[in-house]
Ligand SMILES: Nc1ncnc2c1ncn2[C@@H]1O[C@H](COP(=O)(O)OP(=O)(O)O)[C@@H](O)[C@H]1O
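As a starting point, one isolated chain is supplied in structure tokens, in the form predicted on its own.
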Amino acid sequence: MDPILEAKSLGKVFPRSGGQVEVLRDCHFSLSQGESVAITGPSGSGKSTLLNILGGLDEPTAGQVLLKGTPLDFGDHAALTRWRSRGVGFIFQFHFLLPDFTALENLLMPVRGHRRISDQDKQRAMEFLEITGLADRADHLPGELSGGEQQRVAVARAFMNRPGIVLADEPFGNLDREIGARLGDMLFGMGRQERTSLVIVTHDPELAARTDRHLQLTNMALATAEGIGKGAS
């Protein structure tokens, strides 16, 4: 099966006063439809940078990101906006819910970004709130929700526009282990239901073990976690 997302020979250098810092070098990655992949590695190894490049939030210094074989043009801001709003969903360690909008309204924000909200959109958002056990909290503001409830809304929001891929950066790192495990059940369950591919950056070995494939970012490139140094994946 052809990959839906690829990274070829990615490099990333950040300028620093008096020099520069290289975080990625000749990094390769591929993702198949419906596949889940965990990326682990030491703090500061470039995991979040890689995820941001895959999602079009950051531009590589070298290499390409390909969507179903077509290179993503980082100079085309309209194309990047379409990719970020429709092709990919994001989950971050912090929920980033808009504080003045209800749980239901926050779920509908990805739709509002590019078209008028329909009755079907509202129905889909309410179905997600039911799946996450928050149907009775639809009209609550984020400040009226617990940390775990806020992150449940954030997970559901990532799937709202039916993206082919969801990118998660330490999605449960701010929560205790028990709540994180329950949210992991929800994330993988929604991924299966929506037939969405998942890429998860995590320090949690239990979460990484639940994915189809586990890669480790080390020495600025990716390798299988079970065989570092046997070749990039």
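For every residue, the number given is its place in the sequence shown, counted from 1. Just so it is clear, the model here is predicted, and its values are computed rather than measured.
The discussion below concerns the form predicted in complex with the named molecule, not included here.
Using a 4.5 angstroms threshold between heavy atoms, P42 counts as touching the named molecule in the model of the complex.
Put simply, V23 is close to the named molecule in the model of the complex: some heavy atom of it is within 4.5 Å. Mapping the unseen interface onto this chain, T49 counts among the residues with a heavy atom inside 4.5 Å of the named molecule in the model of the complex.
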